[in-house]
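First, one chain by itself in structure tokens, the form predicted on its own.
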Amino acid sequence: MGAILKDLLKYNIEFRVGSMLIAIVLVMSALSFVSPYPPSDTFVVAPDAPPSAAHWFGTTSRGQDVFWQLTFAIRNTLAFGVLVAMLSRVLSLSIGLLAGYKGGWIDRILMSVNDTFIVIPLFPILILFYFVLRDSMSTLLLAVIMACLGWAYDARLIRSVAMSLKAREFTQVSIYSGMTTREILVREHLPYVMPIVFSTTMNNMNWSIGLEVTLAVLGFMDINSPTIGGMLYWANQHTAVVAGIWWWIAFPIALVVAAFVGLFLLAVSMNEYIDPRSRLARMGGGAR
């Protein structure tokens, strides 16, 4: 994987741009650990102050510094996206690799379950879960629910790769040498699907962050926990657009858009790397 990242940084401008955008977002989130203001405190600064030398991104109607509040918000939003992506990768990898390698009735059963999750309307289901579990709904529980709903597309993609790997000679050698199914999938097949896992992880993070922001703006999450959606929710509650407090909305949107674009470019560049023809064309025809 290290050699792949080295090639991408050297030959792929989309990967470099995406990496820089994500680096900015990560630096912003890391600054939350040195914030002079607790994230839940209100009226710690003068409200509705425009951007200035004292408050770079201005302040909110709740008396919070937008810059420092944004550091907590993007950290929590990114953490939510990473948690959903990691949990759903476990499901998609396990089901995709096992279905592709085993085939037969195991493949048919797993893909029937997979196709069921593909056709489920995710957003209405999430809203239904919120109303049913409103009193016990937490960020962790929502992440688990979203992970259980967001693995199906990627599992089918991984399955197709696993089916091709099953017919390769090294798989037959592994079987004859006495390796178990788990050992074959983890040691032999997993390294071949890691570029796909990286790409789908970026896409899944975009999907989960987008849903988190949407649900929070609608008030279907813990609005007292600072997230990008939570900031936009409170801005809407205080009619920031009408009141002319544009910085309360503009800076959170700009930062989350930078995260979206960065993750998208990383996913696109990895997809291009997976295609041998695109990779060789980018590298000037040099084979590796």
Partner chain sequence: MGDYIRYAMKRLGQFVLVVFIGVNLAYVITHATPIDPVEQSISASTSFGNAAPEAIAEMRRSLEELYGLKGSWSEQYLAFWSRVIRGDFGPSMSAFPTPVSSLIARAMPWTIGLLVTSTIITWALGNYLGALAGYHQRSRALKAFGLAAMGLHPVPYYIVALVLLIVFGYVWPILPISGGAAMNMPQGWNWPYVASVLKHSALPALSLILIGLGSWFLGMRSLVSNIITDDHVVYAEIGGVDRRRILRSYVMRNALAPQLTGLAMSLGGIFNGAVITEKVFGYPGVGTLLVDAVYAGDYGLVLGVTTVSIVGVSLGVLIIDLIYPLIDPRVQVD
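Being a predicted model, the structure only gives us computed values, none of them experimental. Positions refer to the first chain, counted from 1.
Although not depicted, the form predicted in complex with its partner chain is the subject of the following passage.
Residue stretch of 257-265, 56-64, 36-44, 22-30 approaching its partner chain in the model of the complex, non-hydrogen atom distance within 4.5 Å
Only one stretch passes the 4.5 Å heavy-atom test: 257-265.
Going by a heavy atom distance of 4.5 Å, is Ala85 a contact of its partner chain in the model of the complex?
Because no heavy atom of Ala85 falls inside 4.5 Å of its partner chain in the model of the complex, the answer is no.
Answer yes if any heavy atom of Phe129 is within 4.5 Å of a heavy atom of its partner chain in the model of the complex; otherwise answer no.
Yes, Phe129 lies within 4.5 Å of its partner chain in the model of the complex.
Any non-hydrogen atom of Tyr153 within 4.5 angstroms of its partner chain in the model of the complex:
Result yes; Tyr153 sits at the interface with its partner chain in the model of the complex.
Report yes if any heavy atom of Ile125 sits within 4.5 Å of a heavy atom of its partner chain in the model of the complex; otherwise report no.
Ile125: yes, in contact with its partner chain in the model of the complex.
Partner contacts for 229-247, taking its partner chain in the model of the complex and a 4.5 Å heavy atom cut-off
In sequence order, Leu232, Asn236, Val241, Val242 come within 4.5 Å of the partner.
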